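Encoded as structure tokens, the following chain is the form predicted on its own, with no partner shown.
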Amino acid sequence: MILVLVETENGAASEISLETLAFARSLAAEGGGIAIRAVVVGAVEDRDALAAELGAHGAAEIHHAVGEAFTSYAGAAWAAALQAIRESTGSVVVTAAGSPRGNEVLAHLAARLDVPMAANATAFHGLAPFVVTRQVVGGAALEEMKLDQRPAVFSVAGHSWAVSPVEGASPAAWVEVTPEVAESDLVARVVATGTKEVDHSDSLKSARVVVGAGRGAGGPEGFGAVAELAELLGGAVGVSRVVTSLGWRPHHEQVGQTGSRISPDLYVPCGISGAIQHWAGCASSKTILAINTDPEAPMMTKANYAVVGDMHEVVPAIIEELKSRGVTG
């Protein structure tokens, strides 16, 4: 049996959790139809809607962990819930999205079970032995890791699997559980959050398209066309470290080793040289179209496609062409 920790956003499963379920379905098929069970922790806005959604993505059951310990996030408490559910279901695989929360919870779980954990898996190779390919060095390299011990514990890298619902699937059965949680598991927990509403649809880490800009933008006023192109493509804006260091853009837009690691279908870095710190954050992009005046810049030599030119001329030209073709964002 495969156990999948599912994170929710605005009452629905997060996209990266649905990608993880797609990974789990492929793994289940390899094992001859192993059952998939989802785990959801804490408050659920619409149980029926979530059961229908997760059922459509391969989950036969949803184990919903409830109780006072789960009114706010605590990594160790979530791991305690996951451990209890794993033991009751006899699951031989436990996985979650390779998000900050997913990786934290699985790290706690692996430590409790004294088994290795593979973070950010992108593929698997057979079941005996069970080997996963995973991203390391911020996605700049891949390695294979053998998971001989059971349960096999690993997270799935974002955008490494396509979301693919099953037509005609039944809603997942709902099983409510109240796992015991020790006081020591609640030492570190979220006690307050900001009141500002966050638009997750514009999340840099989950964006399918990212348009980036670096020092070549020239200043805060140089991001207008970049933001417009990102909006037209239904994507997000990403920036290099120098941009946030100069105060031109907020830190949450930074891509790189000390910022966000992204894996979009398309990354368009404009005026970004491509230092190793930035490359560590964008190397997992499926396609890179770089725009720079320097044809020898590291980003230009590593990109799938490169346009030699001034971003302030090239980006507006791209926008004009997209609009001429009826693209409105």
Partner chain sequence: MTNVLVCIKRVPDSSGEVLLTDDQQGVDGRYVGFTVSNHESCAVELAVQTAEATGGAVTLLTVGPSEAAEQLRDTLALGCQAAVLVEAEPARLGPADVAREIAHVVREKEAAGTTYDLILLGNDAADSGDFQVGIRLAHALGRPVVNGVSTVEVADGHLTARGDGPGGEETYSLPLPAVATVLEGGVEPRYPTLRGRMAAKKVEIETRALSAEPAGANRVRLLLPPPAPSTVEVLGEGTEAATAVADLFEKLGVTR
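In this text, rigid core is short for the largest set of C-alphas that superpose within 1.5 Å between two forms. Residue numbers count along the first chain shown, from 1. Remember, predicted model here, so these are calculated numbers, not experimental data.
The next section is about a form of this same protein that is not shown, the form predicted together with the partner chain.
In summary, the region of this chain contacting the partner chain in the predicted bound form, judged by heavy atoms within 4.5 Å and restricted to 85-93, 220-228, 168-176, 113-121, corresponds to 113-121. Each of 142, 308 and 327 comes within 4.5 Å of the partner chain in the predicted bound form, counting any heavy atom. Of the heavy atoms in residue 150, none are within 4.5 Å of the partner chain in the predicted bound form. The partner chain in the predicted bound form is approached by residue 108, whose closest heavy atom lies within 4.5 angstroms of it.
Looking at residue 272, you'd find every heavy atom of it more than 4.5 angstroms from the partner chain in the predicted bound form. The shortest heavy atom separation between residue 287 and the partner chain in the predicted bound form is within 4.5 Å. Interface residues of 82-104, taken as those with a heavy atom within 4.5 Å of the partner chain in the predicted bound form (partner not displayed): 101, 103, 104, in sequence order. Relative to the superposed core, residue 302 shifts its CA atom by 2 Å or more between the shown form and the other one. After superposition on the rigid core, the Cα of residue 270 moves by 2 Å or more between the shown form and the other one. Fitting the two forms on the rigid core leaves the C-alpha of residue 317 displaced by at least 2 angstroms between the shown form and the other one.
Compared with the form shown here, the Cα atoms of residue 277 and residue 15 move at least 3 Å closer together in the predicted bound form. Here's the thing about residue 159 and residue 274: their CA atoms end up at least 3 Å closer in the predicted bound form than they are in this form.
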